[in-house]
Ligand SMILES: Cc1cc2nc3c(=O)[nH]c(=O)nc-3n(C[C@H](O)[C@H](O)[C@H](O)COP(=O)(O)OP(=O)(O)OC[C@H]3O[C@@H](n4cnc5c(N)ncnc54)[C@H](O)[C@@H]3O)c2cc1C
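One chain comes next, on its own, written as structure tokens: the form predicted alone.
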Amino acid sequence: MTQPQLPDAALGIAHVSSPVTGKIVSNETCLKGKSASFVRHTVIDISDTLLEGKCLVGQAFGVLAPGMNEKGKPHKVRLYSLACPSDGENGDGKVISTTTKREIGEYYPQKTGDDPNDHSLFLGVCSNYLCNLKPGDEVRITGPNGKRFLLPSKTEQHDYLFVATGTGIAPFRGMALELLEKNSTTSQVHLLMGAPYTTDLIYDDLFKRLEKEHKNFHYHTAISREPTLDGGPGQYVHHYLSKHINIFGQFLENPRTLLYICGLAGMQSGLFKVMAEHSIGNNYFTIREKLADIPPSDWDVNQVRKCVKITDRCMVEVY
């Protein structure tokens, strides 16, 4: 079994107190068709800043939105995953990117004194700020952040299963491009993307192209609110994994395989339960004694969070 050796990652080069200034290169939709979501591929030039050439695929960077919050204080930094390879969008480390989704929500009472009748809409501060930026606009950036959700230094020693939901796809865009087009890897790479509807699949055209051009890249989609092609109910990523255990079971048992999970908090719970049910989780997580006698199908989210600990072969980044 080959344990991954991760590269040394630079951290906190640009602090919140002294951010660098990047410039928007482009800010275009990365969805196709009609979707209830608004997601953009945001490309930022960081030339001649402290961050140039310092960001690794799998890391994140911070964005400081202008203005003040309701308490009259500057908005807190928001982190965004890099969606590009380590050498950036253009191969010289000068241009980075991320996947930006507009946050649109409805107020609801959360504490004593909140108006129970206030159901007005609100917009996420930083996500909408980023989505509104145009080429040439400046943006304050911090980072880089993260030292574990990285590709190993010796990528050819491993195979990869990437599992994403929503904008959790961002790092896997960068990783897929890094492995397949930068490193020309012969490793096997599986990407499983979950979305409510087919029109919510982010970077779908890119991944279809990569699958067509690289025989070692396999692109899977789990659509939760549409019936499957055989007429069955919609699937979340853990349902898809279980249904296709003939593919993923053997792949996860391979001592070369690394598992990366990125997306909505709690998604790993369903995946870990399915893996435990099929006895293919031992290399990716350990289970505390209090959970050992409970059937995996009966595990709840809190139990998984408290009693399941990932190993070096499993990387999880959820929000």
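Residue numbers here begin at 1 and follow the sequence given. Take the two forms, find the largest set of C-alpha atoms that superpose within 1.5 Å, and that set is the rigid core. The structure presented is a predicted model; accordingly, all values stated were derived computationally and were not measured.
A second form of this protein, the form predicted in complex with the ligand, is not displayed here; the remarks below concern that form.
For the chain seen here without its partner, which of 204-212, 217-225, 182-190, 126-134 has a heavy atom within 4.5 Å of the ligand in the model of the complex? Going by heavy atoms within 4.5 Å, the stretch is 126-134.
At the 4.5 Å heavy atom threshold, is Y80 in contact with the ligand in the model of the complex? Flag for Y80 set to yes.
E317, heavy atom within 4.5 angstroms of the ligand in the model of the complex: Yes, E317 lies within 4.5 Å of the ligand in the model of the complex.
I'd like to know whether T167 contacts the ligand in the model of the complex, with contact meaning heavy atoms within 4.5 angstroms. Although the ligand is absent here, T167 would touch it in the model of the complex, with heavy atoms inside 4.5 Å.
Contact label in the model of the complex: D92 to the ligand, heavy atom within 4.5 Å: No, D92 is distant from the partner.
Can you pick the one in D115, E138, E106, E156 that has a heavy atom within 4.5 Å of the ligand in the model of the complex? Here the answer is residue option E106.
Partner-contacting position among T99, T142, Q235, S86 - heavy atom within 4.5 Å of the ligand in the model of the complex: That would be T99.
Relative to the superposed rigid core, does the CA atom of K71 travel 2 Å or more between this form and the one not shown? The answer is no, as the C-alpha of K71 shifts between this form and the one not shown by less than 2 Å after core alignment.
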